[in-house]
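First, one chain by itself in structure tokens, the form predicted alone.
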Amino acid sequence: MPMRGLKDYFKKAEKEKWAMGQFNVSNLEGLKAVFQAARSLKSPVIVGTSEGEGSYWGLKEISHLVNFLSKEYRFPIFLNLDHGKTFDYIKEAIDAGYPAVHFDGSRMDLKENINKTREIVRYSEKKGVFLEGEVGSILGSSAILDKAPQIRAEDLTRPEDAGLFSQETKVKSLAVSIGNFHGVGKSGDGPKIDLQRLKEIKETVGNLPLVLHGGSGIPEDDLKSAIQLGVVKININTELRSAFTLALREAVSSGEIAPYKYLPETIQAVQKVVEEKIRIFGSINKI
């Protein structure tokens, strides 16, 4: 029996009110952590790479690794390009074997974003690749921030813009800006999610699956409420980076120099975070 594809899992998630986690990875330890967490909880999962992470891995290399895990274990683990900003880079990822890509045209005005997205839709559909679009600006970076970014009204996704973008581009999913941002503030000041705006966006775009970026630091109750309102994918990165780095610092402080002896501690730390998020997202036993 063939495995479900990403589109099928999004439909299932929306119907049953749970979300898939996208967990960005920079190295093999992170990939192992995500895969082990997903397998242990029987949860479908998405592995993400930003442009920086993809450059570090090599697009073909990470594509082959994730494809191997999927085929060898017959497990629904999907690879997605995160925040691709140019057609050339997205084309490179698709040609390297990425089954899903995200085009971030948020720095463009709506008309240009629509036109560029259409161009990528034509190529991605030809290759059978799942395309995520974006309307609204998601600020910050996947790091521990000195202070939370100041989100302006014009950064947020307007429901009418999301509706027009959806109709004009035919993307498979849509990333929205509703107060979420990349990163976690040092002082603990997390994102203030506008759930009413999310509700209005969902009413406007209908069956189009919605994506919440910057999931690190968003309170659990807000994440669960967002899922009830139509979010089917939530991206996590900063919390994984932080868990890995803290565990690595502690592990090497003993003076041990054999990586295979201390790196398992980093895998365990990241896996713990992934398992916690999977439980919050409600994707346990959804394979």
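The structure presented is a predicted model; accordingly, all values stated were derived computationally and were not measured. Note that residue numbering begins at 1 and tracks the sequence as displayed.
Only in words, not in the display: the form predicted in complex with ligand 13P, which the text now covers.
- Task: Choose one stretch from 80-88, 110-118, 195-203, 160-168: the one whose residues place a heavy atom within 4.5 angstroms of ligand 13P in the model of the complex.
- Result: Heavy-atom contact with the partner occurs in 80-88.
- Task: Would you please decide whether S142 lies within 4.5 angstroms of ligand 13P in the model of the complex, comparing each non-hydrogen atom pair?
- Result: S142: yes, in contact with ligand 13P in the model of the complex.
- For S63, is any heavy atom within 4.5 Å of ligand 13P in the model of the complex, or not? Residue-level check for S63: no, no contact with ligand 13P.
- Task: Look up in the model of the complex whether G183 has a non-hydrogen atom within 4.5 angstroms of ligand 13P, and give yes or no.
- Result: Yes, contact at 4.5 Å.
- Message: Test of understanding: in the model of the complex, would N237 fall inside 4.5 Å of ligand 13P by heavy atoms?
- Response: The answer is yes: N237 has a heavy atom within 4.5 Å of ligand 13P.
- Note that ligand 13P is not shown here; using its position in the model of the complex, name the residues of 194-233 with a heavy atom within 4.5 Å of it, in sequence order. Stretch hits, in order: H213, G214, G215, S216.
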